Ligand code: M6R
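Quick setup: one chain, the form predicted alone, written in structure tokens, and binding and motion questions come after.
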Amino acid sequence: MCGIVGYIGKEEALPVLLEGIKNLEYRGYDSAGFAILGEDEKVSGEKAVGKISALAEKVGGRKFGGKTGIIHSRWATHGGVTEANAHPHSDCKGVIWLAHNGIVENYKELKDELNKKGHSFKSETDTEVIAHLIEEELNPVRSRAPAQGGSPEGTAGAATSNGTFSNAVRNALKKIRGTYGLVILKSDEPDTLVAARNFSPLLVGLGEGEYIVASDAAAVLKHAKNVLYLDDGEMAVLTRDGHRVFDLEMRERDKESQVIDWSPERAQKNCYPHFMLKEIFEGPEAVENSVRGRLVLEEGNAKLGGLEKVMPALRNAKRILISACGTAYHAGRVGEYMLEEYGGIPVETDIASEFRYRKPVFREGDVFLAISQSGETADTLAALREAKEKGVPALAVVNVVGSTIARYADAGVYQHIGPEIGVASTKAFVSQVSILALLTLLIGRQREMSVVMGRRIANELTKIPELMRKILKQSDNVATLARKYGKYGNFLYLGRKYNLPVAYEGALKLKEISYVHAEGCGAGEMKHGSIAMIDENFPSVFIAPQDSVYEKMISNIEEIKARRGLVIAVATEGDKKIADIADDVIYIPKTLEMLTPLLSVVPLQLFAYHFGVLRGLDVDKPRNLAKSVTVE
């Protein structure tokens, strides 16, 4: 959730930190703060409630000096949104300073123990406990007095340390139950920065004479192309002379760096007013990048190099279990229809947060597939671990190279769509659906799918990007519709078969971006409850292309109209019948039924975007949400 950046190097730390955390603001924007360690062993900094811009305004033109520092943008879990609860947090005398992403599950009992030992706390957060634990490990017998003020300012005490900085961190972390991504500095060791990870993403950018610790690669792109991804239970000790990685038993780990293939420019808005709109318009390119080099048109097949080593398991699979959260879950639901109808294999799709807490029954011949744009989604990772522990081949579809899920899975497929910055996922959805279409080809051609059908699917998939671009040209018309319906506070999204998950996804986008109540529903299920809500003030959005369930959808529209409900329809070009009964229609080009979600979702993404913008909301950073959900 939260954004973390740490820096040690040759440049003034604060500009690097502010630039890095700005690129991570989608991970949390309740409050922010930084701590800079000067050469005089004095820590100075600032905190502010709100977005990074509020912190930058508070700093103004002040210079803080120092070439070592940490910064944090918060997505609140424990404690309200206040400056006192903003990170970084420190120990009693302002010697230890740290930024944290995660949750300390046993913080109350730890805090009680520390209070009894004389520690004084300044915040309501679970994070502050970690700083005091490290302090206790360094010097358990010295007297303590609270640091002055709520801002990160303190001077190292004169007490003698009972252990090294890294050992103290290690011993403190052993007492913690929960998750953490941590970057820590010690005021009397200006040439050292410590980073640690457990179930919360953290990487180290390897620059020239400098290191950047971050919770996401977007923060290091300008300074480092090579990164070390820390694994769970690992700690990195960074100095001006080099870096070392240890486990919590202080056994050194030999880790290879990886190259980030994203450019800084790909993480910028370019000419678009918002990242969300930019990423909606990048949807066609996302599909192209996801299928490039993976289609074998003449054979009507797909080649997924990342799955080569598990091909025997896929060939003999009797069932596929898909697990994901949010938008990725909706993509998985589309994949379920594809794989069952054309791949000829039973599929079960689960919300990862439910999968991990029930007792799933695995069978011989099962294959597990996790879907996560970030590759760090906590619940999806836990579901993946559960499958692996039961001996089930565990696959993944992820976007971020080197992410935890990518590294933990037995095999997988990368999306190759570049960074997705907008909190509400858009281009990742169409990429994931495209890859599931490729997987359908791969499995289907090993079973009963004919070469003719394979070629048809493959050829239609190559046409999808251009058809998406055609829909995107209607953006202004969709904005007009958003203005027309902007006064309504409730929407029902309805679909059937392949477009049922699209109905759920369309409703999710509107909720995320505009804070308007919207819900997805199976059109056939509507009569069993949801239709009770319909009147002239409750519009319905029907995804009704001319497919195998078209006539059923028309009947459902008639049922809504009979109750004075307003209807917006997403329909196939040339469909005049639907125009006679719906109040408004957004047309999409004709394609194969299994591929219609790649087209029908685009106007729903645009509608949500324009609806939110017209309400004056920050659509890139919707309230209470963060891009990568790394806590439960």
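If you're wondering where the values come from, they're calculated on a predicted model, not measured in any experiment. Heads up: residue numbers just count along the shown sequence, starting at 1.
Beyond what is shown, the protein has a form predicted together with the named molecule; the following relates to that form.
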| property | result |
| --- | --- |
| Stretch in contact in the predicted bound form with the named molecule, which is absent here, among 365-373, 106-114, 128-136, 201-209 (heavy atoms within 4.5 Å) | 365-373 |
| Interface membership of A214, the named molecule in the predicted bound form, 4.5 Å heavy atom rule | no |
| C521: touches the named molecule in the predicted bound form, heavy atom cutoff 4.5 angstroms | no |
| The named molecule contact at A224 in the predicted bound form, heavy atom, 4.5 Å | no |
| Contact of G326 with the named molecule in the predicted bound form (heavy atom, 4.5 Å) | yes |
| Contact assignment for the named molecule in the predicted bound form, among T440, S90, T349, T377, heavy atom within 4.5 Å | T377 |
| Contact residue in the predicted bound form, chosen from V291, I531, I260, L508 - any heavy atom within 4.5 Å of the named molecule | L508 |
| Partner contacts for 407-428, taking the named molecule in the predicted bound form and a 4.5 Å heavy atom cut-off | V423, A424, S425 |
